[in-house]
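So here's one chain in two forms, each on its own in structure tokens, numbered structure 1 and structure 2.
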Structure 1
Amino acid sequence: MTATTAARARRVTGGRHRAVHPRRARDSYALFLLPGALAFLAVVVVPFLMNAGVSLTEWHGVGSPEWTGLANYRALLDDTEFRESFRHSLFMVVAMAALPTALGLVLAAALFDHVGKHFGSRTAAVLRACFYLPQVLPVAVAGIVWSWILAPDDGSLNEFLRVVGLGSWRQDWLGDPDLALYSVMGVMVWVQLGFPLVVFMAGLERVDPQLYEAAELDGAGWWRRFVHITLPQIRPEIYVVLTWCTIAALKVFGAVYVLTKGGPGGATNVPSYFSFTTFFEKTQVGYGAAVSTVLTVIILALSLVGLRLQTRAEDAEEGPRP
């Protein structure tokens, strides 16, 4: 009785409050957006439009830009270096999005469903922390660590191979054009793995444990539980992780700069490193701007697709609930 009265009173005062000055109240809130709006204009909007504008010119950073229309974009189509850099991006998507997501799913399910249940959540948390550790490293520092481990002569990996009697497998991991891209991919899997794992484990926390118990009683093995419970239940998280990591893969810069500088012979060049060198080493600013504009368009398109998939997965998940 009292509860309903209180609710009614609240509704009445709230309603009257809104009725008295709805317009002015909203406008006074808009003032709070002002600093943010101005800052975004200066740091994001204006530079972004400038970059798009410069991509239609030939410019070397000094003097005035010379209008060339779409010439830079036409040149990109025939530029093998540019096409190679995007082809390497696909390898990076495998190393930074596809593999970490797949491995992260299996690891998260194993940690949550098996270790967490039979050995306690503390054990699972410690193991999760080990996998997450590389994520807090600056990617440039991760690059330093690995370039030292993968060094050709006395690098730890080669030394390890020698000690265990596989001396013939020793390689110049980052200096061999046929190997360098795969070595960088391996490092990126190591860097990236913790992120999907942590997100998936958090997602699994909200899965009803009864689902697993019922499945187990019905005699469903680990694989069936994984396919029929784990995967469908955390589909929204899978889309988030895939989108997020794919974007990270397209933007990868620091690791490439530190590990290989795009070499040897362009074997590990990626779009962001390509645009960086075009801007600051070749000072072909217009051309570099075209490269980064193409990269931006691809990233924004992928983000939109990812957001769509995510909202659809969430709708589907909420659908059958009462």
Structure 2
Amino acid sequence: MTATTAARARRVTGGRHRAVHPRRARDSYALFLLPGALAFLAVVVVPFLMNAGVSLTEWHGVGSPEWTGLANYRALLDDTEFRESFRHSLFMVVAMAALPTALGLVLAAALFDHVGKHFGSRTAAVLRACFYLPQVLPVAVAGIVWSWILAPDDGSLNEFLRVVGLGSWRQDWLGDPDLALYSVMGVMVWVQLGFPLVVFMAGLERVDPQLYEAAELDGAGWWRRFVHITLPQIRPEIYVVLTWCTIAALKVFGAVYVLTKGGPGGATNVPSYFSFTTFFEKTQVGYGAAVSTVLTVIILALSLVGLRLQTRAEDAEEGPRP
């Protein structure tokens, strides 16, 4: 900068450096957050508060609600069907969170560390896309296809068992109360597996390749590299996947609605479907609102726990601050 230009700049600014005040900077950021905050308030907060208010009443969808206080919540404690629906949700958490996370970890590490090196990154990308495909399919479409596959008379699975000489294994997979829940769980593992796989493969991209090279030079096999390098390095992604998939499992509705409609005999009933039938079939709007309110609170609590664990994992990865 020449002396003339510097002098001109001093005249324009009055010879002082004009720094942006921190409060003014925060206010400008708040303007960008305002649309999202208003949308969140209108779409999430207000409906939840309205639903919580309805849960304190006895209402059949028409007429005036009758205030009952916490009577609906006290009734939930003694409702066997409600407790059974949450017990089924635990099975769904296994099928949609625990199993896909474990399988996704192993498959992602295998695709990244073995298939990518020996068969090329393009082959690994194609296989990753194949695993992710069920996530792209609409739940209704996937449910209808699987209902054809698991049909008792002419379903593909039973026909396959007959052709290979295992006809005695043929079952009414979705109509047997002892098998229906496990059949739905199998479908949900297939649907959910692609999401953890993609997230974990993305997380592996940021792991320093020199860690794997050093481990190979020390004679570490694939499993030891997986346990001592892969798992610690992608711990934040693991918490994200577990939190996301657990929430999806607790609020699962579409697959149950298409495959079994909560049957047979309530064997696959889950809280979201129980709330739906209470709302629209039994027209017990206040009681259904109480079910959905309890489910929302549980999901919110698990989300906060998951975010807390993720933050701790990220802080541990970054190390102590100077």
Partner chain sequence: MRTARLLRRSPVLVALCLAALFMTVPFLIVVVNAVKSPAQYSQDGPLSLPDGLYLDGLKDFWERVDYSRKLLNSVLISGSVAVGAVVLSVLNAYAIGIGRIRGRTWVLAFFVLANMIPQEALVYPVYYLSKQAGLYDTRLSVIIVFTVLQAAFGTYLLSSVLSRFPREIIEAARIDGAGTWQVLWRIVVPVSRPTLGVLLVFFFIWTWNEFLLPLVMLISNDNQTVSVALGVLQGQRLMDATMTDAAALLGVLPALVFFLVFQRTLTRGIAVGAVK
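What we label the rigid core is the largest C-alpha set whose atoms superpose within 1.5 Å from one form to the other. Throughout, residue numbering runs from 1 along the sequence of structure 1. Computed from a prediction, not measured in an experiment: that's the story for all the values here.
Here the chain coming from the form predicted in complex with the partner chain is structure 1, while structure 2 comes from the other form.
Annotation: Cα of P35 displaced by at least 2 Å between the two structures, core superposition.
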